[in-house]
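Starting off, we have a lone chain in the form predicted alone, written out as structure tokens.
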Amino acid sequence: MAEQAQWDRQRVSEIIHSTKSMAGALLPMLHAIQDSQGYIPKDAVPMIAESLNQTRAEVHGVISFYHHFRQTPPARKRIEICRAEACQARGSRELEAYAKEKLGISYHGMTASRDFSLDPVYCLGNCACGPSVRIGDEVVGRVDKTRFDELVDDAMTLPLEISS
């Protein structure tokens, strides 16, 4: 439960109050909360549900349906490997196998140190330069095992981010 203590209840309340009257408020509210906190805290679900006159199950159903929404605090750095056809043709399957082995996690996993999470993504818009990887907001093309190791090492020296 220590993870739940890290979220800012006051900020989440402000977001709920400022978005609850919007048409189709649930998704904008969830996005704003995740942008602010890095995830949707479990204890925020009843607050969201009450503000929108919905059940907790309805809110949780939306959160769990969309892969974008996290229900636990994020890793310090999010690594995404493109799995689109163009990147697959250029070696992304081999790269993802290497990344999983190097980090010791599978897709949607997080390293024990919470330094990195690894996620698949379906097109980074960098098709001619595959295989492509995104770390934080940076998209890098032509990534092989050596370049992946360099990116991971470099990411350790960058400032922390809230990965959404």
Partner chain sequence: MSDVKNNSVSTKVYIPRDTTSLSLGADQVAAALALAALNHSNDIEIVRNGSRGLFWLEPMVEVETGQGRVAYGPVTKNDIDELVNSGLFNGAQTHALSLGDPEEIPYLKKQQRLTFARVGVIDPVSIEAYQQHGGFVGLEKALAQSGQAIVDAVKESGLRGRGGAAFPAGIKWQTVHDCGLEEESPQKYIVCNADEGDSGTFADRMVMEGDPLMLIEGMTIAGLAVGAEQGYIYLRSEYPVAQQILNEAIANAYESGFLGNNIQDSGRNFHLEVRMGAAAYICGEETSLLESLEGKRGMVRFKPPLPAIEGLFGKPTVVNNVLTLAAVPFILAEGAKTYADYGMGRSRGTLPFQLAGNIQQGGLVELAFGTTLRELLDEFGGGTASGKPMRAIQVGGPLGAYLPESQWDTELDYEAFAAIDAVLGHGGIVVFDDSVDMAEQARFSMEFCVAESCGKCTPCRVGSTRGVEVIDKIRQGENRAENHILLKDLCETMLHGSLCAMGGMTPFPVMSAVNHFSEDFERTTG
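Fair warning: this is a prediction, and the values are worked out from it, not measured in the lab. Positions refer to the first chain, counted from 1.
We do not show the form predicted in complex with the partner chain, though everything after this point is about it.
- Of the candidates 103, 32, 62, 49, 62 is the one whose heavy atoms come within 4.5 Å of the partner chain in the predicted complex; the others do not.
- In the predicted complex, the partner chain sits within 4.5 Å of a heavy atom of residue 69.
- Using a 4.5 angstroms threshold between heavy atoms, residue 36 stays clear of the partner chain in the predicted complex.
- At a distance threshold of 4.5 angstroms between non-hydrogen atoms, residue 28 is in contact with the partner chain in the predicted complex.
- Though the partner is left out of this view, residue 140 does reach within 4.5 Å of the partner chain in the predicted complex, counting heavy atoms only.
- Shown without its partner, the chain has 68, 69, 83, 84, 85, 86, 88, 89, 90 in segment 68-91 as residues with a non-hydrogen atom within 4.5 angstroms of the partner chain in the predicted complex.
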